[in-house]
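Below you'll find only one chain, the form predicted on its own, shown as structure tokens.
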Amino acid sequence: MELANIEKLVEKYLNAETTLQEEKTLSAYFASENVASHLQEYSYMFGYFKKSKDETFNKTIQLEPRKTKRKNWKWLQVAASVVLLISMYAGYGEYEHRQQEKQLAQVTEALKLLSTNLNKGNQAVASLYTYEDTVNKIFKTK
């Protein structure tokens, strides 16, 4: 195999652009005895790939049977749901209470403003009564 072609294939392999046939060509080249010195590091890599392909795992894996603790989780889920609903109900009650307090404060403020304006009107009417009394004294009508 031509060395320039192998270098191009190695470059393609490192960029993950090779086909399966090209990878077999590289594997065969690096398995041979006549590997260029500057490409020697890749022969170790391809040798490792070939060796690891033949490895198998022979031990048996002991799996423990699963214990049924799901019932406890279901009760916990139900309890959490109940607590969530109660807290939402209590929070909504508190929200309503605060809204009512705000509305009461707004109504109180509006009534104070109305009272202030009515008192100003009463003072104006009182000055009119004074004026009317003075007019009546001057003209001596009733």
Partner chain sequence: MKQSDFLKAVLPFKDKVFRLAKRLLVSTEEAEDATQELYFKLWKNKQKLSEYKNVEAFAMTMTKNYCFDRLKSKQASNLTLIHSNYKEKDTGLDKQVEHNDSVEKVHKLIEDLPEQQKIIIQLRDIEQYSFDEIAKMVDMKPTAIRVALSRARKTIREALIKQHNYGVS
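Computed from a predicted structure; not experimentally measured. Take the two forms, find the largest set of C-alpha atoms that superpose within 1.5 Å, and that set is the rigid core. Positions refer to the first chain, counted from 1.
There is also a form predicted together with the partner chain; it is not shown, and the following applies to it.
- Using a 4.5 angstroms limit between non-hydrogen atoms, Gly47 touches the partner chain in the predicted bound form.
- Contact check for Leu14: a heavy atom falls within 4.5 Å of the partner chain in the predicted bound form.
- When the partner chain is considered in the predicted bound form, His97 lies well away from it, no heavy atom lying within 4.5 Å.
- Residue contact check for Glu41: one or more of its heavy atoms lie within 4.5 Å of the partner chain in the predicted bound form.
- Proximity to the partner chain in the predicted bound form, taken as a non-hydrogen atom within 4.5 angstroms, holds for one residue of Lys53, Lys112, Lys102, Lys74, which is Lys53.
- The stretch among 53 to 61, 104 to 112, 87 to 95, 74 to 82 whose residues place heavy atoms within 4.5 Å of the partner chain in the predicted bound form is 53 to 61.
- Relative to the superposed rigid core, Glu94 undergoes a CA displacement smaller than 2 Å between this form and the one not shown.
- Core-superposed comparison between this form and the one not shown: the Cα of Asn119 travels less than 2 Å.
- After superposition on the rigid core, the Cα atom of Glu11 is displaced by 2 Å or more between this form and the one not shown.
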